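Starting off, we have a lone chain in the form predicted alone, written out as C-alpha cells.
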C-alpha cells in the first residue's frame, strides 16, 4: 500500500479496512487480520495499526473478542457508507463545485463523463 502525504497513516489504514468491507472481502462477523498481520502486510508499525483499529472500534466498524481477534461489526457496511457520504458531501463536493465553477463546467458536463465511465466499466 502506498500512503498519501496529506492524510495520517492510521486513517489511511482505516480506509483500507473499510474498503475491504465495502468490496465484500470481509463480511459482517468475519475475523479480520490481526494487528501484527496487517502491520506486516502494510509494512507499518503495529502501534499505527492499533490506532486504526481503535478508531474503527469507536465508529462501530469492527469489534474485538479478547484473545480471539478483531471482527467486522453488524451493519458495518451501512455505517461506512453513511460516514463516507457525509465526508464526501462536507469535504470533497465543495472542492468539486468550486473547480467546476472556475472551469465553467456544468452538471451536464459531469453527467456526460459519468455515463462514459459507466459504459467503460460495464
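Here the structure is a predicted model, which means the values were calculated and not measured. Positions refer to the first chain, counted from 1.
Absent from the display: the form predicted in complex with a further copy of the same chain. The rest refers to it.
Although the partner is absent here, residue 96 sits close enough that one of its heavy atoms falls within 4.5 Å of a further copy of the same chain in the predicted complex. Proximity of residue 122 to a further copy of the same chain in the predicted complex: non-hydrogen atoms within 4.5 Å are absent; the residue sits far from the partner.
Among residues of the shown chain, residue 81 is one whose heavy atoms approach a further copy of the same chain to within 4.5 Å in the predicted complex. The closest non-hydrogen atom of residue 36 lies beyond 4.5 Å of a further copy of the same chain in the predicted complex. The candidate spot formed by 30, 32 and 59 lies out of contact with a further copy of the same chain in the predicted complex, as no residue has a heavy atom within 4.5 Å of it.
For the stretch 89 to 122, the set of residues having any non-hydrogen atom within 4.5 angstroms of a further copy of the same chain in the predicted complex comprises 89, 92, 93, 94, 96, 97, 98, 99, 100, 101, 102, 103, 105, 107, 110, 111, 113, 114, 117, 121, in sequence order.
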